[in-house]
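Shown next are two forms of a single protein chain, provided one at a time as structure tokens under the names structure 1 and structure 2.
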Structure 1
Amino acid sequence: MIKSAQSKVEYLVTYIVWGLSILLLLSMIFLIYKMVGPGFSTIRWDYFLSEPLNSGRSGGISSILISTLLIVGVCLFVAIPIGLGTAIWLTEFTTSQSFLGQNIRRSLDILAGVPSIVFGLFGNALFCRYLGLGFSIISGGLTLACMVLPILIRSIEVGIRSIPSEHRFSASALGLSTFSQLYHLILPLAVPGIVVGLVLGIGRAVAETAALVFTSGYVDRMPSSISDSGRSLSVHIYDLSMNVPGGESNAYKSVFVILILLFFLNTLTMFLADRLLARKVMNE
């Protein structure tokens, strides 16, 4: 008697879990389809090659793509050295008890939780105002650099930590200086982790909107230099859907472009993280 009641509950729960999960999965697929579909069916190659006309209602996104590329470029140019240096120092030169190391780690954890709009406020105050860079690609890139730094550092750290300590012992036994050890041993082995961090960081930077609206600005013409204002793809989508009546069909195309780009980056990250990182550690 008890047993049958219990198995009834069991059946019921199994049906509910399966039913709800499949429903949820289908709605997720539907959601992705609804976002990608309209852009996919209307986009043509010249969309990538022509400049936006009439506030983006017609024309393409060539200048937008260039601005996005420049913003991400500035971001990486600043974030890579700082991120790499910090990650190496945290993993190779500090112990878990070190006061400075612990606090830098905590500070980075907090940084990872700061909302993107607050990065925008900070970037606006520091880069646009105090450093006098104005609404420009360089301000936007620097703001994004602060934002992607925690992700970058975390992935590089994971990459470096996966190197077995035997390697370091052998290098020390051979009398290699710390510098040569880093240059000839640690860095080459840490490349997969660095690449994963970079791809994750680029993904985050491409997706970001709130921090860019008032640091790199709205201007949609081709930027002449990195101190010019430039509109990123995500800001373009925002502007087309909120401020430009009749911009919907072109917004769909931009959504399609950004989603394909992010899908590509996402797949690349997964591939690298799964294959390269795992193989590296197993083979050594």
Structure 2
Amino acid sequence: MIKSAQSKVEYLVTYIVWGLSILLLLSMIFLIYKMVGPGFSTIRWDYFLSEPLNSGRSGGISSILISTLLIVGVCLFVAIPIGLGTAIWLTEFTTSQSFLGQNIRRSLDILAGVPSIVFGLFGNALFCRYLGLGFSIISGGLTLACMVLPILIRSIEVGIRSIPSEHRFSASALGLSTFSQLYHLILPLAVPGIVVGLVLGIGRAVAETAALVFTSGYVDRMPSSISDSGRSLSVHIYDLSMNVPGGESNAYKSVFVILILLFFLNTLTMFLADRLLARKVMNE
């Protein structure tokens, strides 16, 4: 009787989990269809190659795409080395009971939940005004780096901590230095955690709007450098849907483009991580 009751409970839980998973999948499909459908049916190749005209009602998004990629590039260029170094320090050079380490982790968890508009005001005050960078791509990228770092650090830290301690003990017994352990053993094994952090970071950077309004600006022309102002895709979508009468059609097209861009960047990240890991394994 007890086993029969336990089996019924297990079956019930299994059905509930499957039902919720299917419901989530259907909701995602419906959401993507409602967002992508209107844009996919009207988009043409010249939309990617021409610049916006008439406040974005016509023309394309070539300058918007370039600005978005530059902003994300600045963000990742700054966030990856800082995030990776901080995560390594938290896992390999501090203990879980360390006062400094505990407070840094607590601070990262708090920062991960701070609204993006607060980061935007912070970036505007620090990068745009105090450092004199103005409304520019570099200001937007540095602000996004501040937003991405908490998620990136914690994801990489979890990935490194998931490596069994026996691996470290074995490496130490073989006489490997700390640097050799990190380079040859720990970081290759932590690649899944690093990829998760990068995917989450890229997703937040590409889709961010509020922070970039206060830092990179609204200008939709082609940027001449990273010190020039630039409009990201997310800001472009917001402006077309909220401030530009008759801009809904191009807003839907931009939604389709930003989803494709997210898919491409995430796929590229995972592909490069797999290639680097495979090459390192072959070399060793």
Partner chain sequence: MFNSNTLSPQRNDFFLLWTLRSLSLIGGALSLLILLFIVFESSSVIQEIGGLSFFTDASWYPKEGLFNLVPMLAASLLAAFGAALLAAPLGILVGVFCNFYAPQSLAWFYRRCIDLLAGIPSVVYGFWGLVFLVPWIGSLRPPGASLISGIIILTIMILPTMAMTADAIFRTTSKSQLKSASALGFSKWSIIYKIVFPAARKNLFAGFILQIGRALGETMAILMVCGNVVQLPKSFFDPVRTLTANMALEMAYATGQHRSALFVSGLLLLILVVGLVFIADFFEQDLRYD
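Between two forms, the rigid core is the largest collection of C-alphas that superpose within 1.5 Å. Here, residue number means position along structure 1's sequence, counting from 1. A quick note: this is a predicted structure, and the numbers were derived from the prediction, not measured.
Undergrad: Can you tell me whether structure 1 or structure 2 is the form predicted in complex with its partner chain?
TA: Answer to the question: structure 1 is the form predicted in complex with its partner chain, whereas structure 2 comes from elsewhere.
Undergrad: I want to check S225: does it shift between structure 1 and structure 2 by 2 Å or more at the Cα, with the core superposed?
TA: No.
Undergrad: Quick one: once the rigid core is lined up, does S58 have its C-alpha move by 2 Å or more between structure 1 and structure 2?
TA: Result for S58: no, shift under 2 Å.
Undergrad: Does the C-alpha of L69 move 2 Å or more between structure 1 and structure 2 once the rigid core is lined up?
TA: Not so; L69 is displaced by less than 2 Å.
Undergrad: Looking at L261, what is the CA displacement between structure 1 and structure 2 after core superposition, in angstrom?
TA: For L261, the alpha-carbon shift amounts to 3.7 Å.
Undergrad: So if we fit the rigid core, how much does the CA of I22 shift between structure 1 and structure 2, in Å?
TA: Its C-alpha position differs by 9.7 Å.
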